[in-house]
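First, one chain by itself in structure tokens, the form predicted alone.
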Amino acid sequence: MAEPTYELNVAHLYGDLMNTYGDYGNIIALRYYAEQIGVTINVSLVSLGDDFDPEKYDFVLFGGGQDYEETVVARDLKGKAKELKTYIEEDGPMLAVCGGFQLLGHYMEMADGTRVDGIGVMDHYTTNMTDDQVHTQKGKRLTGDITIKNNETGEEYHGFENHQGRTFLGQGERALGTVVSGQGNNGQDCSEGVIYNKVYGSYFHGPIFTRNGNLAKRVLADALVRKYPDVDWTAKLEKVPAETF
């Protein structure tokens, strides 16, 4: 009897425009761990003018970009908002980095103060600076090495942050982790990133899965359990060492 075959279909959302910081490396890391347990990763670019089918994909990567590209993407993203909301509410796994993270929320403010509407499929928002920073830290970016601790698993994640926006989480959202060192979402409340259903958002560049194999395996397990619930994927992945690329 032939061995069963397993595969995951991945959508790289605006990967031609929102990949400024090498966010595609997250897919490379995901594929690495998938191959260790006999799973094939198929990647499709979903960009300007393309439809997003929430039933087709098992994982979505939405990376970050420069201000101009993010403005272009924001306009197009409105046409995919309903389908993305369906995917997210049906526990579709996603990693949203920096600009991708911001645009899933209500709005974001650019470095020059221009407001760009997000699609509001999640409840956070992003300002250019907080009220108490207007006179003391105007224009200051949150940049540098960062370490956070996941409050639920105790895992530590390490990375590099570089962002102007200050993001504040909303209803139903919890932080990916609490800041141990660094600035995090806004430099104030010690939160970094977001978890909502099976969406993981972060300001980590570098990208996050390549330095934090424990998180990559966790998200991979989310996608596999959702598609193939009769297999003990957690047990399979526990046998695969978490790497730092």
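Numbers for residues come from their place in the sequence shown, where the first is 1. All values reported here derive from a predicted model rather than from experimental measurement.
In what follows, reference is made to the form predicted together with a small molecule, a form of this protein that is not presented.
- Look at 94-102, 168-176, 145-153, 75-83: in the predicted complex, residues with non-hydrogen atoms within 4.5 angstroms of the small molecule sit in 94-102.
- Only one of Asp50, Asp53, Asp189, Asp67 lies close to the small molecule in the predicted complex, with a heavy atom inside 4.5 Å, and it is Asp67.
- Contact with the small molecule in the predicted complex holds for all three of Thr20, Gln164 and His205, each having a heavy atom within 4.5 Å.
- At the 4.5 Å threshold, heavy atoms of Arg115 stay clear of the small molecule in the predicted complex, well away from it.
- Although the partner is absent here, Lys140 is not a contact residue: none of its heavy atoms lies within 4.5 angstroms of the small molecule in the predicted complex.
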